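Shown below, as structure tokens, is a lone chain in the form predicted alone; questions about how it binds or moves come after it.
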């Protein structure tokens, strides 16, 4: 796991973790775009969403559930969940991750 997220998972780089289980971790984004900006990442090293296989469906569903849990823990009911797939979509770390963004009014369309 040579990405920054792989290093966070390995404990080589610290992160402000807000949730952890055997399938994923969630932590505060170091460059937040809103008052609440959390990242949920799987322990399994999937590069991006379109790299998932049928066997990963339960894992990706679990990530979505954890995103909801950490949003509630952060005290936000209204939030945006973002998954970038590929560099052209804004993905800069090629380890699947969900952005949980909230704590302020969010405009639409994003980007």
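Given the structure is predicted, the values throughout are model-derived calculations rather than measurements. Residue numbers count along the first chain shown, from 1.
There is another form of this protein, the form predicted in complex with ligand 5GP, and it is not shown here; the text below is about that form.
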message: Just to confirm, with a 4.5 Å cut-off on non-hydrogen atoms, which of 63, 39, 70, 46 contacts ligand 5GP in the model of the complex?
response: 39
query: Using heavy atoms and a 4.5 Å limit, would one call residue 79 a contact residue for ligand 5GP in the model of the complex?
result: no
query: So in the model of the complex, does residue 18 come within 4.5 Å of ligand 5GP, heavy atom to heavy atom?
result: no
message: Is residue 56 part of the interface with ligand 5GP in the model of the complex - any heavy atom within 4.5 Å?
response: no
task: Determine whether any heavy atom of residue 13 comes within 4.5 Å of a heavy atom of ligand 5GP in the model of the complex, and answer yes or no.
output: yes
Within 88-104, the residues that have a heavy atom no more than 4.5 Å from ligand 5GP in the model of the complex: 90, 91, 92, 93, 97, 99
